[in-house]
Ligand SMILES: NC(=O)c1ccc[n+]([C@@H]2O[C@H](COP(=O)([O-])OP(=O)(O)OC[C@H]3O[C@@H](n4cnc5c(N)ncnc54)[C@H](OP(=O)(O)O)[C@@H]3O)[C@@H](O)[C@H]2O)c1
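Just the one chain here, the form predicted alone, laid out as structure tokens.
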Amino acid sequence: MKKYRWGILAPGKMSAKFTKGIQLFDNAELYAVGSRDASRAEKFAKDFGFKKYYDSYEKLAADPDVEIVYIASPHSHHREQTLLCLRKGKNVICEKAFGLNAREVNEMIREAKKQDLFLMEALWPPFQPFYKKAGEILNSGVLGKPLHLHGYFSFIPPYDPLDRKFNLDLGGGSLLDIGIYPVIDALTFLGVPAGIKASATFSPTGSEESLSAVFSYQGGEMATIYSSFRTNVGIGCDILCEKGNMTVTRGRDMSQKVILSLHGEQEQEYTFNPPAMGYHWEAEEVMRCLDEGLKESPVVPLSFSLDLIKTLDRIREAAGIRFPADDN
């Protein structure tokens, strides 16, 4: 069994969660960490048992022994750092949102194909048991045709104009940070919408802090999308169908639940509590694909990432959300 040497670019909270997932596999080696802050890289490396650490992203990417790089920097840096790693011969899994707009994501995908390397957006939901269970129920036909999906994700963070959630230069706003999840729900369970309407409210920095969107489909289905840093509604989606309803939800600890309510029947509940908060499946998928010689994941294909970023672009256009990078 081939053992893959992992590099972590931008150590932080997300990287810590992902690294705990990597630790579950015998075919994964925690090899190197790269940060612009040498002390931060050193601490992360020592905390998790990485062999090396670097005080720049360039040095991490240049290490000839690193085979896979996980990128967990702010959205605004994903394009630049993904291109850096690809051009240094590294396979890449990059956190969502993949880029700030479709132009950036297309460039990343073109470069991966040019270098003949693996590239995947680190999307958590498609690998999770509650998501698979929801898909299984919908595909069985027991609920009939899905008619409406309401997806939501909101919480109230401390306001800090320099924080990535409110800083426009870093792609700040609820949409790319948390609204992306209900958008993933809609694309997964209903597909790409024919029409999109959206509105937003904005923070003092000009970043979008609350967003509502309505998706319409040619078959008559509809979806409503809600994300916000002003309310605390939780995370999930309700799927209303001809013969009943289904709620798909998770906690901040990544505990998962599917609630099935068929008309006239007793409610059924399915709960899941995966190890490592479920992040290990993303790492496993990267290594499985590399074992099989694949350059993209069949679970999260690059075509889905393109559909996702194009849909996010359409929402931003409808709601009047712009980033400085859009003008570059």
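In case it trips you up, residue 1 is the first one in the sequence shown, and so on. Owing to the predicted nature of the structure, the values given are computational and were not obtained by experimental measurement.
Below, we refer to the form predicted in complex with this ligand, which is not included among the displayed structures.
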item	value
Listed range touching this ligand, judged in the model of the complex by heavy atoms within 4.5 Å, from 199 to 207, 138 to 146, 111 to 119, 162 to 170	162 to 170
Candidate spot R40, S73 and Y279, all three touching this ligand in the model of the complex (heavy atom, 4.5 Å)	yes
In the model of the complex, the one of F127, Y217, Y226, Y181 near this ligand [non-hydrogen atom within 4.5 angstroms]	Y181
The unique member of H263, K59, R288, R36 whose heavy atoms fall within 4.5 Å of this ligand in the model of the complex	R36
This ligand contact at G12 in the model of the complex, heavy atom, 4.5 Å	yes
is_contact(H78, this ligand) in the model of the complex, heavy atom dist at most 4.5 Å	yes
E95: touches this ligand in the model of the complex, heavy atom cutoff 4.5 angstroms	yes
Residue contact check: D177 to this ligand in the model of the complex, 4.5 Å heavy atom	yes
In the model of the complex: members of 245 to 276 within 4.5 Å of this ligand, any heavy atom	M254
